[in-house]
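Let's start with one chain on its own, the form predicted on its own, as structure tokens.
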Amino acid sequence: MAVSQPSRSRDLDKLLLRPGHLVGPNFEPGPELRDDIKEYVKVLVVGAGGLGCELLKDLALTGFKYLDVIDMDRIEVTNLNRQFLFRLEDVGKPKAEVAAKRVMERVNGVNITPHFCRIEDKPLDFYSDFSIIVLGLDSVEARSYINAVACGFLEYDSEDNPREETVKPMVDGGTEGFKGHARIIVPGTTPCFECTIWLFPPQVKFPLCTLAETPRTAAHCIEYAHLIKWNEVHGSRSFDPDNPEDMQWVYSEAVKRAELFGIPGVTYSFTQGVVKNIIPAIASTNAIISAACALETLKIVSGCSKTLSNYLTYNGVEGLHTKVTEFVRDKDCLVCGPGVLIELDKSVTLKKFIDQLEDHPRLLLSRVSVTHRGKNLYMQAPPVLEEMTRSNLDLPLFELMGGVAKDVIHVNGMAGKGDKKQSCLRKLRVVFRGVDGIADIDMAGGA
């Protein structure tokens, strides 16, 4: 008599098919819930590195059928010690494509679509298709961008309460050596990434005088080649940290500098780590944080248990120390709040509106692209879209927005001052004076 094999979803069924005391308010146990998760929930994994590989594997084994993964990097030899989905013969291939292929080979029934590109290259409606976004990133800038995208879908009612159908939840994981974090971000309810940006320590900076005159470490030699020598030789051409030829040039110059001052320790991998601010990664930390993120993803989409509230920290050095902290949302947050209030006359053209954003004290936006309810009003790039939307610049914004008294628009541009600018998305509440009884608004309170 043949022995029946245990179902692969046995443990999952214990969570989804039975009631419990810690379940969410909308939880309805039963096989229909399990099947709906497989058929209707689409998950986007951002990043296919050490943490991303673990996330893809864990989410596939948790029962999610439709996954997408986006990553702009190619596989390097230095990745192989912890990014377990990759092999030596994969070096040079896109991480997203190889990771998707490997997981689908091992987990029957899962469908993973890879995207080998920058996250900024995807239109906003690409992200709107997903039920939940899971982040496995090593960059503060990339987290900020995805956070702004997800929060950009959020709409508020007349009493500034978030509309549930517009909420795009996120689960964010991060690791640094033996330390890691897992957090949930429910826009409008929990603090978003921008609300708690202070959690991330500032990047270490070296005084230029030390780099130029008295280098003492291998890192000083590398940063000299990166920050000083590159500009002397290449002029206005920007250094591209993802270009192997550029990285090789910095490494060669750093070696010369180190030899001149008798400083050991300059290697190609260390050069990459210094220039790209790479933190040594440990496979076990990635596995632990990924497991926490996958569980939170399941809890959010199913309601089978209360979710994390709302930030988990893990420290494997101090006796496997784990702690959960509840951070508070910033109600005036530029990203997850109702939006920055902008009051305009009906005659203001799109070009004049864009110019005003550069001087706005809370925005300081340059190179702005503008969209309204999915329609491109003006796009800075690519050139073909810029040419197609250029004629809108001389038209009144009021007309381009369909003559409504007030509405939300989204702008994409570079925020900040000087050399500290970075790409960002912002949500603006535009109100036109004198339309349908709209009175003048006190901008001191709303801007």
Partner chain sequence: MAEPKTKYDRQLRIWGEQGQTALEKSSICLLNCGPTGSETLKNLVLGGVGSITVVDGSKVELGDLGNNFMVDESSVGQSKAKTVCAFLQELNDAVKAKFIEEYPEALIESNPSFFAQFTLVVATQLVEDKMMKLDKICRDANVMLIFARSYGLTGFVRISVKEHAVIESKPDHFLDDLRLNNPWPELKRFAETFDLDTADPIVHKHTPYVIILIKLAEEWARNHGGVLPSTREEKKEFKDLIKAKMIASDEENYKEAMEASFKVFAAQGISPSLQQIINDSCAEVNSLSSDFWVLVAALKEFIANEGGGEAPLEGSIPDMTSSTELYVNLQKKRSTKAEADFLVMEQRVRKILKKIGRDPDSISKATIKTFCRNARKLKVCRYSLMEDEYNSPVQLELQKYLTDEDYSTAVGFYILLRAVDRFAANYNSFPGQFDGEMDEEISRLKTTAVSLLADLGCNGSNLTEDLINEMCRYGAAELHAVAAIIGGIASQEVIKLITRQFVPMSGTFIFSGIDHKSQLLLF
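We call the rigid core whatever largest set of C-alpha positions still superposes within 1.5 Å between the two forms. Note that the structure is predicted; figures quoted are calculated from it, not measured. Positions refer to the first chain, counted from 1.
Form predicted together with the partner chain: not shown, discussed below.
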Stretch in contact, per heavy atom within 4.5 angstroms of the partner chain in the predicted bound form, of 362-370, 284-292, 148-156, 222-230: 284-292
Ser347, Gln248, Asn108, Asn161 - the one with a heavy atom within 4.5 Å of the partner chain in the predicted bound form: Asn108
Heavy atom within 4.5 Å of the partner chain in the predicted bound form - residue from Glu141, Glu213, Asp125, Glu165: Glu213
Non-hydrogen atom contact Asp129 with the partner chain in the predicted bound form at 4.5 angstroms: no
Non-hydrogen atom contact Asp68 with the partner chain in the predicted bound form at 4.5 angstroms: no
4.5 Å heavy atom contact, Ile197 to the partner chain in the predicted bound form: no
The partner chain contact in the predicted bound form: Pro19, any heavy atom under 4.5 Å: yes
Within 291-320, the residues that have a heavy atom no more than 4.5 Å from the partner chain in the predicted bound form: Ala291, Ala292, Leu295, Glu296, Lys299, Cys304, Ser305, Lys306, Thr307, Leu308, Leu312, Tyr314, Asn315, Gly316, Val317, Glu318, Gly319, Leu320
Large Cα move at Leu88 between the shown form and the other one, threshold 2 Å, rigid core: no
Displaced residue check between the shown form and the other one: Tyr268, CA, 2 Å or over, core reference: yes
Threshold 2 Å Cα movement between the shown form and the other one at Leu308, rigid core reference: no
